[in-house]
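Just the one chain here, laid out as structure tokens, in the form predicted on its own.
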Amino acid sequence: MPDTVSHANGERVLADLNALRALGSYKTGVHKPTFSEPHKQSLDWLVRKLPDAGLIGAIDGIGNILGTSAKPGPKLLAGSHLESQNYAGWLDGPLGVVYALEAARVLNTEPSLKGAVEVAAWCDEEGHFGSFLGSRSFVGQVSEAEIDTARDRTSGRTMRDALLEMGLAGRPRVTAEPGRHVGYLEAHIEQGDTLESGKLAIGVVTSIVGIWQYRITFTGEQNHAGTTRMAVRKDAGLTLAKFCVAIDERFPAACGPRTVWTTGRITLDPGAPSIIPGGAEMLFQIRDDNPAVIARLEELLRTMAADAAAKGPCSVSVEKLRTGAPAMMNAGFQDAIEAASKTLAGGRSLRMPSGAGHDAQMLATIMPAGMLFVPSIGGISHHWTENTADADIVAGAQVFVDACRRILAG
């Protein structure tokens, strides 16, 4: 790249991120759930900023923003999301939107560069109403019927009511224009400690894991906790606990090198201290970037459930709730990020998979996609203490803008 090219303005990037942080601030983080007032304020903020980058855009009928350019030449789409988890961090989502905005401000006004960066803010990546509703809508995977049934997981508010309150009811949803974009690039905090512990500046994402989620139900017999002998109990809670231990004992022999699994919620019915649980339920999740590994683990899970049911004293059933195909990031985009890192971050980069889901995996179903990570202090994410050093934020912005330039230049 020539020395005369413009670079990211680090002070401007930090100012933008702090402006978004002030909307819905909570301690050192934010509380900005989808379609809350702070989320709406953040969307309005971005719409006002788009003209600074030679872009025009508005909030569409599902809460997405797509800022488009009339500049001739190839178009690179970039962005992330602006809502947050409940009482969570200030960078998860906004970092990628601000990096995209900065790339557009720098590159769209560069006369020697053909083409432009277009900016997206995808709605509900954090899953308050559903799974990647904004980016899935853009790629044509969300039906009106799905929107009809979507409800906020915390409040129970319907998505239709939320859209009406946001003033978005009846607006069309923007979908991808075939052939318009050469690809999609997203930036994010790592949400882990690999970069920080290795004193690295940039993560070059190779793949994004798929997420498979299951409901495992145990049915026993509810009875009195004081009068029912241990030998005749059909304790669904105890059977669930033993099953959790068995998973941790048997999965390591069948998993891949980066497989993770989590029991995220356990409920007992009726959940009273003096009643033996007659029912129990666990929500269980597996993540990996290799579908063959997931298939092997799912088969093992179902075999274990059948064995546990045959052994008794409780019945066990497994219901698949969610299937998320992993996504491979484009090799050329990985090369562009790595080359930019060598120029602007001393080559302190690492090619690595993402253990978390991102909108990029939805965009990867219709166009080449790439992702860049910056370090997370202490590996913390989805908590209000989430943070990244200012110097790492600025370094990431420089690399992101340069990677965009390289992709547009072919």
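Start at 1 and count along the sequence shown; that's the residue number. All values reported here derive from a predicted model rather than from experimental measurement.
Keep in mind that the form predicted in complex with another copy of the chain is missing from the display, and what follows is about it.
Partner contact for residue 36 in the predicted complex: another copy of the chain, 4.5 angstroms, heavy atom: Flag for residue 36 set to no.
Partner proximity in the predicted complex: residue 331 to another copy of the chain, non-hydrogen atom cutoff 4.5 Å: Taking the distances in the predicted complex, the answer for residue 331 is no, it never comes within 4.5 Å of another copy of the chain.
Distance check, residue 110 to another copy of the chain in the predicted complex, heavy atom within 4.5 Å: Residue 110 lies outside the contact set for another copy of the chain.
Residue 241 within 4.5 Å of another copy of the chain in the predicted complex, heavy atoms: Residue-level check for residue 241: yes, a contact with another copy of the chain.
Segment assignment from 353 to 361, 55 to 63, 37 to 45, 23 to 31: heavy atom within 4.5 Å of another copy of the chain in the predicted complex: Contact criterion met by 353 to 361 only.
Candidate site 291, 295 and 320: all three near another copy of the chain in the predicted complex by heavy atom within 4.5 Å: No residue of the spot touches another copy of the chain in the predicted complex.
Listed residue that, although another copy of the chain is not shown, lies within 4.5 Å of it in the predicted complex (heavy atoms), from 263, 158, 315, 141: It is 263 that has a heavy atom within 4.5 Å of the partner.
Position in contact with another copy of the chain when the complex is considered in the predicted complex, options 203, 93, 134, 277, heavy atoms within 4.5 Å: Contact check passes for 277.
Stretch 371 to 407 - residues with a heavy atom within 4.5 Å of another copy of the chain in the predicted complex: If the 4.5 Å heavy-atom criterion is applied to another copy of the chain in the predicted complex, 371 to 407 yields 379, 381, 382.
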